[in-house]
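Read the single chain below, which is given as structure tokens and is the form predicted alone.
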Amino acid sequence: MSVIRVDNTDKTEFDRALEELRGYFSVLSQNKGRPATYSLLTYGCQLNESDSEKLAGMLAEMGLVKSEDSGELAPADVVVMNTCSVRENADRHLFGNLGVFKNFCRKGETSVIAVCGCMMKVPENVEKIRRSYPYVNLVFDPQQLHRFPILLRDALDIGKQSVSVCGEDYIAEDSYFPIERQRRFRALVPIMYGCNNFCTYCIVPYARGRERSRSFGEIMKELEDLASKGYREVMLLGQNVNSYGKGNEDGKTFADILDEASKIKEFSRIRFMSSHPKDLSDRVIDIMADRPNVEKHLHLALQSGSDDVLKRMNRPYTAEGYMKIADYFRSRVEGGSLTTDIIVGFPGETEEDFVKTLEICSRAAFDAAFTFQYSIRPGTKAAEFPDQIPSDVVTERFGRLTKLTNSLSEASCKRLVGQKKEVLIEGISKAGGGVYSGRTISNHLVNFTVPDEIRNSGSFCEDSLEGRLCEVDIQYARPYSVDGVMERFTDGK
């Protein structure tokens, strides 16, 4: 499988397609007597969220405006569904939603439907759309995001369903795309795409393709541009950011990106996701420890505490090797938080294997854990493994694991009580009632109130709180968050 770098020749056709679509949707707007609208449904990981920001940018360039109708399944003239193949029941979610949009099409409330994302790399899903959902105009895979306007224009020209799922891996720099960022203070910045690890339970290498890294210079140019536009936080993204640079000629590594990004003084927080234990270097942890604007939070997937299970998962490290990394992180990063992913009930997992997972969780004292019951993903090697674990056994083990990880998470939150922590404000809390939320440099979620003396001061403006830094007195711990009272702004504004 080859990797193709997208150049300015491709951009010319990209821009031409955008111009033609502007004309198409201008006519639609005239016929409707209002601006043509779009709805963008995003499922899955933050890389999917980043892809959707680019899709939103392209849709806006086509002359479409975001639908103001609330709800995931509200009608719009153009509907784009960006799918995920990792989560269980993702196919039911997609096909159930497509059934709803069929009614919108019949009523003339929706004119165009496009489906993209990782699920479109599963042949069975594509064939089902061909057979049962002929009103879908366009199907394409994640590697062809940069061709979306071209593919959509061509699908509308031929007037029937178009399916474009390729066998090549592309890489287009983010400067290629118009991007409609969803947050005023945080920017998602992919630094690489794809995965070479082929964990036996995971569809990602098949859906996202092989590892391919963006240009170091282009990444730094994008970061400098974001800083100049007032973004206070960036999230560096990749299926495995620590393998960045493999195959690039300049020899730059992920540690080099983190090092240079930390020198951009406008950034209050630099975060990254995701890390693989086999590639994480001590230098990355040292940078996390030494640079004040690099988040003191490491998300490092364990998946299992059993070496036998890890081997069957094709995870090339041992439980003790994982703990060596965890111990180094704890020793170097003061006040840092360590979070993880764990799968319960992988084929062949014995009670002894599971107990080893519990033991490693206790030793690592994870600040939070994302726990999953193993589910078969078609197209993966593990789907064909013998010794699939009965569902009742998986459920019982899952209950024991979550009881432990929940207690560890609550203990992590309790350790913050009585401390004053700097918080990057994200906005109004979901709790409402004059409560705001944000995160510490260790990624702990903080819900806080604002005293009247601060609220009534000249420095307080609710409309411009996102991205500001403040000090919060932590007073109460919940299982997954803490509560407190704001004491002052710390960003000098």
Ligand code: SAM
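A residue's number is simply how far along the shown sequence it sits, counting from 1. Computed from a prediction, not measured in an experiment: that's the story for all the values here.
One more form of this protein should be noted, the form predicted together with this ligand, which is absent from this view; the next part is about it.
The contact residue chosen from S409, T110, S337, S275 relative to this ligand in the predicted complex is S275, the criterion being a non-hydrogen atom within 4.5 angstroms. Though this ligand is absent from this view, in the predicted complex it lies within 4.5 Å of a heavy atom of just one residue from F216, Y135, Y328, F372, which is F372. Contact check for V204: a non-hydrogen atom falls within 4.5 Å of this ligand in the predicted complex. Interface membership of D341, defined by any non-hydrogen atom within 4.5 Å of this ligand in the predicted complex, is confirmed. By the criterion of a heavy atom within 4.5 Å, C105 is excluded from the residues contacting this ligand in the predicted complex. At the 4.5 Å threshold, heavy atoms of Q239 reach this ligand in the predicted complex. Considering this ligand in the predicted complex, the lone stretch of 162 to 170, 412 to 420, 372 to 380, 176 to 184 in range is 372 to 380 [heavy atom distance within 4.5 Å]. For the stretch 403 to 442, the set of residues having any non-hydrogen atom within 4.5 angstroms of this ligand in the predicted complex is empty.
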